[in-house]
Each structure stands twice: as C-alpha cells, then as structure tokens.
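A lone chain, given as structure tokens: the form predicted on its own.
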C-alpha cells in the first residue's frame, strides 16, 4: 500500500529526473548490464576458466582480443561480478589490475602489485636480486595459515600489448611462468586490441602462455544493434511509477520502429559498431528530455546525431571575423598557386591587399599590425601551423606556415556565416572552385 502511495506521489518532473538518472548511469557505464549482449559463449568460456583458478586452484592464462569499444572490459566485469557472488571466492580471491598505459616499466608494475596485494609492510626495506625473486616472495606471503595453500590471484593486464615493450618482457615472463609452474594459483587475463599480439612476445614468454584467446569481433547484426538500443533506453520494471514506466517503454519501442531513426542508427552502425559511440548518441538524446516533453522523440535522436557528427573546426570557423576568413581564403589561393608549398605571413598579407585593391569595395583597409594580430589568432586556433618548430631566428612575418583546413570546412562556414560580404564569397568561390 505504501509503495503504491509513493508511486502516485511522484510528480512528472520527478519521474523524468529519476528516469534520466537511471539511464545516465547505464549509458555512462557506471553500472554493468545484467548480461553481455551477443557474447554468451565468450562469457561462459571466461567464467569457466576463472572459476577453475578461483575455486579449484588451477592456474590459467587467457587473452581477450577485440577492437576498442567491443566490450572486453564489460565482459570481464560481468564475469568477475558473477564469480564474486560465490562465497568461497569472495573471501579468498585477490585481484591485481595493471594497465600498460600507467605501469610503463616492470619496476612501477611491481610496486603496484605490492600495493594492490597490501604487502608494503611485509616487503619493507628488503632488497631482492631479481624480479622473479621479488614476485615469488609476494606470492609466498599470500599463503594461508597452514602454509599449504596460497590464495588465488587474478592478474588483469589491460593494454596487454604495451607490456610486451618492457625490457626483456620480464613481467610477462614471470607471471606466465608462475601460472604454468603451479607455484601458486594464478590467472593472467590480458586485454588487447591487437590481433598480432602473440607475435610481439619473446619465444620464452610465448612458450609459457596457454595460447587461449577469446575474440570479440563484434558479430552483432543490425537487428541486434537496434534491440540493444531499445534495451538500453528502456526503464526497469521496478521503476517507482508504473504508469510513467509503461508510457516511456512504449515510446522507446515506437522510436526504434521509426523509419528516420532506423536510418540514423544504420548510419551509426555502418560507421562504427562501437558501443561507446552509440551510448554517447543515446546519452545526448536522453538529456534533452524535460517535463514539457517527458518521452524520447525522434527529434531528440536527430539532434544528438547532429551534435556528434559536428566538425569542431568548422564550428570554430563560424566564430571568426570577416578579416580572419579573408586571410584563410588568401592562404587557399596561395596553396593553389604554389601547389601546396608552405607560405608566410608576408605572402598572405600581399594576397589580401591585392584582393582589397582589385575586387573588394565593402571591406575596410586594415593596417598591417591588425592583420598580423588576426593571423596570430588563427595560429592559436591551430588552423595554421608552423612548418618548423625551431623558428627562433626567423622574423614572425617570414616564418613558414601551412593551412590545416579542408576545402569543405571553409565552404560550409561561408554558407552559414551571417551577413558575409558578397565579394568575399565570390573570392572564396574562385579559390575553392
């Protein structure tokens, strides 16, 4: 009775706010999905492997290979969540997470292993002869009271391929050696984007690896992709306001069947099957919902898609002054005249002055320091870049530069530019024809 009263007590604005909170958490991947979509066999395989280490004390090594955004971390997270639900695992298993981007050499990696295993006090000021000796000591320190059984350790190596660039691959060699020699129950799980990762390993390291690989190569069909969109945008059945929940979920189903939305999703699917970019699209659509329109609409997704595909440099161009636009057009003329060779400010200024004298009657004749200031602003915005960084001895006017913009970006900016003088447009068309 009380829950019923509570559900009716929620206003529409509160329902919208709560729905957004739930979906934001889901789309920002702060919460793992109930089950990984389209990865059932990989999920079972990895769970079985890690269970053997965590429950039966068997050592293993495995690589999870797939492109960025394919769901490697999510898959591992779901497996570990299920594994940690087992009582004997939760009390006994230790996890060590290393990342190739952070632990850039074996010394840093060893310090991080010691910290995550809470063994700083045990190690103290001890000096070890080698990496292997240090690692063996750490694993020995983890043995339980009767000294017969060591606690299982799961080593998770993100960006696994970067560890292969460490000197002599000492970390990989010792971890895989421990996992093979049954000194302690250890599972080494590597996550990588490189299909050729085994080719990077030294012979002695490769021989100690189990050669088990789990591939995540995005086998999703477009139908599954659309289903994933529907499930990501749907509210859970235990939402405190059942009526709002039903209306929202119906609107999501209707949205996924809409032709223009289907076309938009197909474009997204064909350009990238990466779930992260899909979640960003859905996130931008969800934040547009408000009490005045409390369900997702086709226009929300279309606007989100426009924001995602917007060209940041083209957006900056819309905010430039007419003088700065004229300088960009002058640079394009110079590029065409000299077959893409670099130019300097003096050449751009001469080209701009020629245009003012011959063709333009609407643009004010600017002093050279003002034009220089506009040119420097373009350099700050990284639309123009110096060819050589060592330019200390060269005067600013004669420093060689390159234009970093494409034809389409400038033309689009000119079309959208408010009250752009006609003669500037005509000059641009002659440069970009």
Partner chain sequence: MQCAGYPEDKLRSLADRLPCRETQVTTLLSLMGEPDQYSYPSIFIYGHRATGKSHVVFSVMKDLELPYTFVDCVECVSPALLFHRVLLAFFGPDAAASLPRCPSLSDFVRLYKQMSSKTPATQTRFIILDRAERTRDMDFSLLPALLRLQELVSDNVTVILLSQVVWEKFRPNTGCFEPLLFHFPDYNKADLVQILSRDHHPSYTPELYASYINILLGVFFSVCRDLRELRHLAALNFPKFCEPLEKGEAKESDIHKLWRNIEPHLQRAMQTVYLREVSSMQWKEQQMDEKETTTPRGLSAHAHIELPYYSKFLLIAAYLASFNPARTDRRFFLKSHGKIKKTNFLKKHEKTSNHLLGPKPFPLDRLLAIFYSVVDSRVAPTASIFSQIMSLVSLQLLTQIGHDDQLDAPKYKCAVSMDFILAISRTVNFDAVKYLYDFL
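Just so you know, these numbers come straight off a predicted model, no measurement behind them. Positions refer to the first chain, counted from 1.
The next section is about a form of this same protein that is not shown, the form predicted in complex with the partner chain.
- Considering the partner chain in the model of the complex, the lone stretch of 277 to 285, 76 to 84, 245 to 253, 221 to 229 in range is 277 to 285 [heavy atom distance within 4.5 Å].
- For residue 236, no non-hydrogen atom is located within 4.5 Å of the partner chain in the model of the complex, even though that partner is not displayed.
- At a distance threshold of 4.5 angstroms between non-hydrogen atoms, residue 388 is out of contact with the partner chain in the model of the complex.
- When contacts are judged by a 4.5 Å heavy atom cut-off, residue 34 does not count as touching the partner chain in the model of the complex.
- The partner chain is not shown here, but in the model of the complex it comes within 4.5 Å of a heavy atom of residue 315.
- Contacts between stretch 305 to 337 and the partner chain, counted in the model of the complex as any heavy atom lying within 4.5 Å, involve 312, 313, 315, 316, 318, 319, 320, 321, 322, 323, 324, listed in sequence order.
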